[in-house]
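The chain below stands alone, shown as structure tokens; this is the form predicted alone.
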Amino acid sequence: MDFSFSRDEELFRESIRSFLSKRLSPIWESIDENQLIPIDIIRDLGSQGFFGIPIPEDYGGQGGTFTLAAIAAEEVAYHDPSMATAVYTLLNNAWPYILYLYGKESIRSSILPKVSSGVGFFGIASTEPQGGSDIASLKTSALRDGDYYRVYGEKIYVSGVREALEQLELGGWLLIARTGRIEDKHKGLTCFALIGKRDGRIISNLSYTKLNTIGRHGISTGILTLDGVEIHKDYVIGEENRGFYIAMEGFNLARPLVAAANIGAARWALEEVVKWSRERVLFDKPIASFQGVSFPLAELAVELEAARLLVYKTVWLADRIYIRREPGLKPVDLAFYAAASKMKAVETAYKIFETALKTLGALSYTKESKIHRGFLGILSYLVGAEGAQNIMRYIVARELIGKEYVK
């Protein structure tokens, strides 16, 4: 049993820390305040190998692992605790990998190198206005018409609409749509590579609206409206009517990266509040000397370490399944740990930011304090992004107790 990172992993962390401390740390507050990740930052992250990390080099990726992708997500969130840049990073590692696994060769080779280099974006478009967690009941329809599907419907809370459709050369999402009957539920869904913008032009019959979110302002969140969007049959990811299973596999890879990002932001917040507790003096003593301050911080440090170990155990398992392809392991084996890591990391991060706000007191209620930016960023994952926390509990319970008991 070895709890250490390899030499290559340590060198990777040191390298990206050096880059992020110079390039991202000085501007992360302005990213949140101005509600925009500058295009040069996205391209620099691409050139430094932050995207497409587990994708083979033949497709423009880094030929790395999910452990490296988690390290990247954690460090980006530490250096931009508003979470905006971390969200962009984790999306462009998890969902392009699903396209690599199940997309047609011509589509993989045309999309993945652009995403990995930072001139393209590929995220996830699954949630609909009637609800996000019940994917089996989604209503967006894809009707076959010769070599094309015509897609009608609406997706909401979609990350990266501005980046994909305004800022970058190419932008798209893994889109889940219904190709079977509504009564088929999860057995009638298909995944598509929806490329909303190619060569600087938005495709016909696709429109979008940006939402006003309360946090992680640097990355956009919006609504996609598809009014007969044409998608060629070659852009089907996997098999028709098998999209539910592919999407679940994607979420199982995205969730530990989400968890890693939350760990990074929480680590930053804990360091900030520890520093404050040493410097803030009341009754002629630093407030760190009061057990009412120091004991909660001690407890949270332990929770953070436990969460971090769970996160890295999850990506270690993902590497065994997907990168090393060890016999006897299959993608479904990741479900318990993916849900558990998101559940634990997000709630730990929330506790740390909440304690930081209380410890800083009135200062935390001003824009002069940075803490609120991280708090509002990680809050997006507490309330539901990449799966609501109670859905994580349901998955853990189902894997623990059995599908025949937990339905």
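Everything quoted here is computed from the prediction, not taken from an experiment. Sequential numbering from 1, following the sequence displayed.
Only in words, not in the display: the form predicted together with a small molecule, which the text now covers.
With the partner omitted here, the residue from 125, 318, 72, 164 that has a non-hydrogen atom within 4.5 angstroms of the small molecule in the predicted bound form is 125. Checking 245, 152, 100, 157 against the small molecule in the predicted bound form, a heavy atom within 4.5 Å turns up for just one residue: 157. With the partner omitted here, the stretch from 214-222, 274-282, 104-112, 294-302 that lies within 4.5 Å of the small molecule by heavy atoms in the predicted bound form is 214-222. The shortest heavy atom separation between residue 383 and the small molecule in the predicted bound form is within 4.5 Å. Although the partner is absent from this view, residue 133 contacts the small molecule in the predicted bound form, with a non-hydrogen atom inside 4.5 angstroms.
Contact annotation for residue 396: none of its heavy atoms lies within 4.5 Å of the small molecule in the predicted bound form.
In the predicted bound form, none of the heavy atoms of residue 18 sits within 4.5 Å of a heavy atom of the small molecule.
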